[in-house]
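Only one chain is included here, represented as structure tokens and corresponding to the form predicted on its own.
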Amino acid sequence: MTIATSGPRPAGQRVSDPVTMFGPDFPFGYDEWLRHPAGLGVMPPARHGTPVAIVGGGMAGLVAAYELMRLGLRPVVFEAEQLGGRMRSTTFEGHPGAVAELGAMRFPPSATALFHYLDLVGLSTAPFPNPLAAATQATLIDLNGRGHWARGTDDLPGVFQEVGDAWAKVLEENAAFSTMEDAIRRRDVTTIKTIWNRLVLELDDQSFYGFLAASPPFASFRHREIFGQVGFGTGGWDTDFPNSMLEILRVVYTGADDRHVRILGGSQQLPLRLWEHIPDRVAHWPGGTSLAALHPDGPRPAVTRVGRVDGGIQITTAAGTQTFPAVVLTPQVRLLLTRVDCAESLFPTEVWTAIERTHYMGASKVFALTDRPFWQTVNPATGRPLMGMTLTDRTPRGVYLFDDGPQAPGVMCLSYTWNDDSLKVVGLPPDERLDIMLRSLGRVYPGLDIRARIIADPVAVTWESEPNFMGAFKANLPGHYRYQRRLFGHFMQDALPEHQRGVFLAGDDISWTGGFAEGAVTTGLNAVWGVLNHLGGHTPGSNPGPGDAFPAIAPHELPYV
């Protein structure tokens, strides 16, 4: 197998091959690695049953634990709260069948490594009701006090089309969009690296807003304002305006903001089912082994300290200490500076600096349960639904509507906000947040009594105030590329001194795509390769892993001086 491929399309590959989250920073086919019949690797028999600590039971931790178990190791999972991390689904009191997605709620089909596990555990999906999506009955864009109803983009005033055209023009002229998209479809590593390495050098110091403002198609402030309030794809880009333009390009190149689906029954089912899943093939362990079977009393309690001792890495919890030859750390790295006392010797100084510099987005949501999906009712006076998916520059910002049929209760995400908009409600209880959102929506939909339809107490979350998260997801600021490269590449440890090997970082904040479960999955797989290599195992010659590919396709390294 050739790691870096380019040139003619491989046999069987079509022009219509889908865009996937293949690169651009590290164009490695994790989906191909996962589905290869030779498996991910082989451990020496003497290492079978060796315990490996997995700190954190989110997607990164559970993917790492599941695959290490399949290799014949014994993952020991530590979790401070509940399995799933930010794939957290909850129900309303008295209504166990209605689900509110407090964390991850929409997933792009381009996340092929994530979908490997969705398919593995047999979960079903449905189109997500994004603005102007085919599955969305109607969208209302409320901007500067005026409402615009639309079923698709053609229904919007001409200025919105101007903004859409401006965005497409900027992407094509300044970021080689169509060439990059085609290269990602074909998995043409050479072209991807050629384009991306140039853009990294040009745009690492450029913010999203600065990129737009410097582009002639966005010379009009009005166009920038509309784009910031409405965006395209899922809508609502202005909270990303301070972030690095590279962060935005990673999303649009890879289809990460397009054709989203939701997981029927709640996204938390994926980590919970993976915990219970019995693999078809597993080294060392008897048939019927699962992560749950290896943890008959559930995950171990919260880790309070990680340090180095003779013989390995020591994990401390309220229940005591245990030493491991390898550890996978998956909490958001902010927690390694706060809630988990980490020894200075765990990482090189450069990695600690990158951890300190990691920037997080905040996010809040407010959910309400209604007697039925009343918004589908058509108002005879207007011929429109009573309510639509709503994008607004008012306090709620994004309102999403979910229904499981006309006879089932309806779930309303009355507000999905980021950063400053999230902080507006961070100190308020759910019922007060509900009042604020209903008051604001009453101005968008005068005469519509949403409160009369609500049949349960609201549920809400602000990820900044969650003590075991302290933020929603990583988003690099301008100038942060070098820091992200250090975090992502830390699983490559052969050049480290012996005393700094054996601890592996994973999680979507370690990935290049913070906020996407795909990044959690792929960095969890990086950690699997790291542990495999650290403990003397190897990948099959026919199925090299991310660490084998790293020298050829490593993320571009910017000069430090």
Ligand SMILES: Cc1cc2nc3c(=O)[nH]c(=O)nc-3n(C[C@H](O)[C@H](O)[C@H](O)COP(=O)(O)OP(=O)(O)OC[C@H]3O[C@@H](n4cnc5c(N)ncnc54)[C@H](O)[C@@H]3O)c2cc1C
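Throughout, we count residues from 1 along the sequence that is shown. Owing to the predicted nature of the structure, the values given are computational and were not obtained by experimental measurement.
The form predicted together with the named molecule is left out here; the points below concern that form.
With the partner omitted here, the stretch from 447 to 455, 152 to 160, 419 to 427, 460 to 468 that lies within 4.5 Å of the named molecule by heavy atoms in the predicted bound form is 460 to 468. Proximity to the named molecule in the predicted bound form holds for none of P27, W529 and P555, with the criterion being a heavy atom within 4.5 Å. The closest heavy atom approach of V52 to the named molecule in the predicted bound form falls outside 4.5 Å. Using a 4.5 angstroms threshold between heavy atoms, P396 stays clear of the named molecule in the predicted bound form. The named molecule in the predicted bound form comes within 4.5 Å of a heavy atom belonging to E81.
Remark: F473 counts among the residues lining the named molecule in the predicted bound form, judged by a heavy atom distance of 4.5 Å or less.
The partner is absent here, but in the predicted bound form a heavy atom of K365, alone among K365, R433, H490, R250, sits within 4.5 Å of the named molecule. Among the residues M87, V411, I184, V333, the one placing a heavy atom within 4.5 Å of the named molecule in the predicted bound form is M87. Shown here without the named molecule, the chain has A104, M105, R106, F107 in 104 to 121 lying with a heavy atom within 4.5 Å of that partner in the predicted bound form.
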